[in-house]
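Shown next as structure tokens: one chain only, the form predicted on its own.
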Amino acid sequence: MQQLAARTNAWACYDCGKCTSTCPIVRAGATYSPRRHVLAANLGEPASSIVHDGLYVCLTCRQCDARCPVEVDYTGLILGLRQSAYDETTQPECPHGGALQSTMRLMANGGTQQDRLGWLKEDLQTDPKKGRVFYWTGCTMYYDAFFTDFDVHTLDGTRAAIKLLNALGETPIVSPEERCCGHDLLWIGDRKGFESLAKHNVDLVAKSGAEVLVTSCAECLRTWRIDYQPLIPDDFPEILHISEFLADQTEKLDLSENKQTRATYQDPCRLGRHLGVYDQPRELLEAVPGVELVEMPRSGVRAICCAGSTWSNCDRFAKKIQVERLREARDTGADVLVTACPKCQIHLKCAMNDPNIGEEISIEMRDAAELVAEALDKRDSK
């Protein structure tokens, strides 16, 4: 615990309370204090003793990190505390019966044959082993199968990304051997399961000979760029979000106007505050003829997260955050709420599913790549 406190600068905390006043969970009405965890680390308390003090309530959205005047890495502290708690045989009671974590552990254990390419359509050009670009699909095929009652279609963004890569002359690698990146196992403290997935995935991509690794998932991107780094060799492919890959190549796509669309953009926490990627998704949307981008009052580094993160907690406070964010999106007058991470779509769609207020907060949700691909389709139909 002393090493964790030193590594995350927890010792520098001087109890100003900005983390608590900033925390979206606290602002939603929860009895929760980030400083409680800082104090526990500084005092050397066992992580298992603070599990019921909101250890798994934290959204790891990094709003507190962005505003801490002494740069305490509170998000890193939470990650370390959860790993310690897990090592002490304490695990969160995950939503959905832990089914998603079980799927990840099946992949981590290996030996289970996946149908990872069943969603590919005939008009999409991919290769299972060779290509300049390795397109990392993430778990969208699992999400769409699991959340059918929410009318979730995260695979539409995955397909759109491949269509855009094809339009740029790329036949990306889409591997049947890909496994979950392990993001969610890492953030509930299951380091062993995460490392098993990480070693497999890094080896898979390293052997492919690809020059660039591209993904549409903000959480996968964070995992590859930060959490996989100790395993990544020097000659590893460049790692980019699809918006980063496309933002400076939209002229090559020669997009045509589809329809006048007023769009507002939801900054995923992993893409924004974790990785600092704010401009490229917006540049991509603004390059689409007919799309007008309108910002919510809280955007960029101040954006409210989708309150879902790691499938480790789901409660009335998270729901309140989601409803607040959807009202903010609706108030912009936008036709569509665009994001760059499938998890945002799932959690906000879940809130829209409320039978009492669903009509008040519902708004069309799309992946950024979908809007670009629609303009591409319009061009090809001329």
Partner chain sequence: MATKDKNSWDPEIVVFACNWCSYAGADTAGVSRIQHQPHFRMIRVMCSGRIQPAFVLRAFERGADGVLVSGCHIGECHYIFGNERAIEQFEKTMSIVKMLGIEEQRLRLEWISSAEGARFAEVINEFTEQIRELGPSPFGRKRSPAKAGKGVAG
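Not measured: the values here are computed from a predicted model. Numbering follows the first chain given and starts at 1.
The same protein has a further form, the form predicted together with its partner chain, not shown here; the description that follows concerns it.
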Next on the checklist: Does any part of residue 122 reach within 4.5 Å of its partner chain in the predicted complex? Heavy atoms only, please.
Outcome noted: no
Checklist entry - Looking at the partner-bound form in the predicted complex, is residue 105 within 4.5 Å of its partner chain by any heavy atom? => result yes
Checklist entry - Though only this chain appears here, would residue 99 touch its partner chain in the predicted complex if you measure heavy atom gaps against 4.5 Å? => result yes
Checklist entry - Is the gap between residue 229 and its partner chain in the predicted complex 4.5 Å or less for some heavy atom pair? => result no
Next on the checklist: Just to confirm, with a 4.5 Å cut-off on non-hydrogen atoms, which of 237, 80, 92, 131 contacts its partner chain in the predicted complex?
Outcome noted: 92
Next on the checklist: Please identify, from 273-281, 143-151, 308-316, 229-237, the stretch that has a heavy atom within 4.5 Å of its partner chain in the predicted complex.
Outcome noted: 143-151
Checklist outcome for this item: Taking its partner chain in the predicted complex and a 4.5 Å non-hydrogen atom cutoff, the residues of 53-81 making contact are 56
